[in-house]
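Below you will find one chain, with nothing else, as structure tokens; this is the form predicted alone, and questions on how it binds or moves follow later.
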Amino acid sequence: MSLYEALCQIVGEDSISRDELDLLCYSHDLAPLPQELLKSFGMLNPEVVVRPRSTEEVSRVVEYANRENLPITPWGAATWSLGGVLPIEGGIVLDLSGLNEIYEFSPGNEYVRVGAGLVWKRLMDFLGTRGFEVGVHPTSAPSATVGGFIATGGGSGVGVTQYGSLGDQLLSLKVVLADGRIIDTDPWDSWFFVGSEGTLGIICEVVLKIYPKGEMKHLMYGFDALDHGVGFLQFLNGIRPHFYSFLDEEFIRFLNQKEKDLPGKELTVAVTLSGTPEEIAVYEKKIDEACQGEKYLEPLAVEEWEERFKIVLSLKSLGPTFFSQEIRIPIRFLGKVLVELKELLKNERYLIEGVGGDFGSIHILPLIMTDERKKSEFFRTFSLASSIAEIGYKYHGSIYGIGLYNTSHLPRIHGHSLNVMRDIKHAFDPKRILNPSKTTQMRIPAFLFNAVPRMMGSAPGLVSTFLKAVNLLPGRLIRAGLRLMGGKLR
């Protein structure tokens, strides 16, 4: 029996696609990487896309893949751009968007049980009309799925500064393991799967803590002096409002090119408070007293809050390509990090956004404008990713997210603990069928991955020519070469 026939028996013909256009679409995420760069990873194309509609169907598909030793790549909404959902070893793409039901709403016990493929915005709207809200949601809530945000860590988003990271909101997960078994976790075991990016198990259902919906108030401030803005953000971190974020002056300048009319300040800070009217009034007074900048009128703050989900997308036409390396640092180093980022990017078209994170951290998102169609320009920009990461490491921070492209950073981040993480991966998935070549499995040897960005920065044209030559090689030779140099391929 063929792969297609076997999967048809599990999920039905209507839930499977072998269409070439579908397979092409499921071979990319938001990252604007040229095709020749992806091919240099020895990437295989998926054979089939499967869209299960229940946990039991997921279990049977995974059990079949395990028996046949087929790679299987879980797919949420692909709103990240680190290659975490790319089916780099081919095989089966498991699109979990069909698991999108709200199974149970328990206002008395303050939880909701939902499918992992449910989009956050739909859940938030459902709860909002019933007087409840989630503690944490991603800034990509209109498209990101509940399971996808859990699998990618959930440590940065709206509500994290008030309620902690998403892992703290999980009461239970229903997970399909690599052999097809279905398990239910408790709040503590759930942490195994937070940030595992689908490499340890496939999250199918989520029991999530919810909260009575409080009043909200949105505030906005502008700072002419960087140190005043940074000090204000550090103050906010201490009092833990519901959400705070900042935009640098370049970000504001580009927004104003898109028909905004915001004051041109060194840093613009947005704050959202949540609670009773009395609590909000007390916090607003404290915040106003700590501010050494200008407080904007409330309608402007409300407008920015309502547009929070599309602020970056509104700038897309200015690129046309945005490239980024996200980092997370202790907020006490924010001023030094911003100074070094501005120096590094002074010859680029860039903008910087920051979002308050967990454990006293702040998540920094530098966006560099480039054009993926101009290969030399794009590769030179690509080389900045390692320099941005170095700034994060210098100030006791790290990159944010691993996926495919950041696997070479793991030895530096985790040291000897990486061997323990690999042992855990082997215990959960001895055949390495679940989302291969992600997180702990380094497909590109570290020495090569570290050398390539330097070459991209100093000789981007040469790199472009080299990759074109590599692309003329048969895929099996590229894969054999990667194995010879120590790359971990299946």
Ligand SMILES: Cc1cc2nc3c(=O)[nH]c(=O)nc-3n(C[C@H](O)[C@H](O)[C@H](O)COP(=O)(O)OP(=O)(O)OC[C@H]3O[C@@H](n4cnc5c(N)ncnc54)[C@H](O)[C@@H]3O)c2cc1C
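All residue numbers are counted from 1 along the displayed sequence. Quick caveat: nothing in here was measured; it's all calculated off a predicted structure.
Omitted from view is the form predicted together with this ligand, to which the following refers.
- Although the partner is absent from the chain shown here, T152, G157 and Y400 each have a heavy atom within 4.5 Å of this ligand in the predicted bound form.
- The closest non-hydrogen atom of T79 lies within 4.5 Å of this ligand in the predicted bound form.
- In the predicted bound form, this ligand sits within 4.5 Å of a heavy atom of E197.
- Taking the partner from the other structure, this ligand in the predicted bound form has a heavy atom within 4.5 Å of a heavy atom of G84.
- Within 4.5 Å of any heavy atom of this ligand in the predicted bound form lies no heavy atom of S437.
- For the candidate set L267, I362, I203, V271, a heavy atom within 4.5 Å of this ligand in the predicted bound form is found for exactly one residue, namely I203.
- Shown without its partner, this chain lists F323, F223, Y350, W75 as candidates; in the predicted bound form, only W75 has a non-hydrogen atom within 4.5 angstroms of this ligand.
- Contact annotation: this ligand lies within 4.5 Å of heavy atoms from the stretch 139 to 147 in the predicted bound form, the single such stretch among 139 to 147, 296 to 304, 234 to 242, 259 to 267.
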